[in-house]
Structure formats: C-alpha cells, structure tokens
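Here's a solo chain for you in structure tokens, the form predicted alone.
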C-alpha cells in the first residue's frame, strides 16, 4: 500500500515543513490549504523538486462538508490516507474579559473540530475493521496546552489542552485497529503566526531565555512529526512530545 499523508494547514510554517519531510520519507503528500493557494503550490513544487509526489487541496477543515470532500479527493488522487498531521490552527490573543462567543466558536472550530473531523475520516480509512492497514495520526498541539497560555492566550491554550486530551483518548480507542495517535507540542517557534502579536521582537526577546538558547524553527517540529509517523516509532502511541528547547 502506498504511503499517503494529509497535512492540514500545510501551506506555510510548521505545516509546510511537515509536508516537505513527508515527501522525503516517501509519502504522497496532500498539502491542504484554506486560502494560500500560491504558498501551497510552492510547497508542492519543493517536494516534487526533491523527487517526491504532492498535490495541493483547498478545504476549510473547520467545515464538515469540506473535510469529507477533501478526503474523497485524496482517495481519488493518491488512495486512502495512511498518515494524518492535524496541523491547521489559529491563534487569538485577548483577555478572557474581552472575549466574545463568536471569537471562541471560531477558535474551537479551527483548532478542535477540524482535528476531530479529519481524524474521523482518517480512521474510517485506516481501521482494520474498515479494511484498512492501520496508520498514524499526529496532532499539532502546543506547550501552552499544559501551561495555560501565560496571559491573553487562555482560550488558545485551552483549545490545545483539549487536543492533548483527544490525543490520549483516541489513541486508546483505535489502538486495536492498528492506528497510533500522538501529539507534538511545540514551544516558541519562529513562524509568521506570531506576526500580529510581537513577531520577530517576541522571538528575539524570549528565544535566548529558553534553556537551549534559541526559539525553534519549523523544521524542528516537522522532523519530529514525521518521525512519530514512521516505523521507528511503532511502539509509541498516546504520547505528548514537547519540542520546545527545554522550555
């Protein structure tokens, strides 16, 4: 069976790094994006330039209809998914006293609902009881999910805490179907997600205070995710792997 990986939010940052590492590891890669078609095309081109196979697929994975359509298109293009990186997510910065239900619902839909919906479609294809050959799911969480967000990110941290719980529970639920489920918890990573909230200044200020002396880069996370998908991690499931330089 061909190795097929779906990377949600794969057009930039950590998602793009996961996709490139997956291509090098021999996966046929679905580079999912919501709006950044040009950036997704660049990721596909980079994978193909290294001899891999990839295609960009547009979908808003917070919407059930889009998720169902996405996995159906991957079936048609590459075959059933054998690995899923639940990477799509957004950050919001606000005090609890200033939050609205609209903001919270958007955050939950993107950070939590999307992970459940994509995991559902993946399990339906991977599970032995459905004729699948097993597989691996890695959820992209955050160290904030353990530490509470440290001010103005409580709701973001709560969404990642929920993702951690989902990881542990789903790992138990599908272990007998040959499916492993783990999470990677990045610390401070130098991506454009931080742009609206301090950007490079935040990276430059906080990075040197991390025990390893720097902020992470997307490849620090991408390598860990694809390793957890690999046979080298075949006896690992339900784990929350921190990639934070000791933070």
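Nothing here was measured: the structure is a model prediction, and the numbers come from that model. Numbering follows the first chain given and starts at 1.
This next part talks about the form predicted in complex with a small molecule, which is not shown.
Stretch-level contact analysis of 74-82, 153-161, 170-178, 124-132 against the small molecule in the predicted complex, using heavy atoms and a 4.5 Å limit, identifies 153-161. The shortest heavy atom separation between residue 13 and the small molecule in the predicted complex is within 4.5 Å. Remark: residue 60 counts among the residues lining the small molecule in the predicted complex, judged by a heavy atom distance of 4.5 Å or less.
The closest heavy atom approach of residue 99 to the small molecule in the predicted complex falls outside 4.5 Å. Within 4.5 Å of some heavy atom of the small molecule in the predicted complex lies at least one heavy atom of residue 36. Relative to the small molecule in the predicted complex, residues 87, 90 and 191 are all within 4.5 Å by at least one heavy atom.
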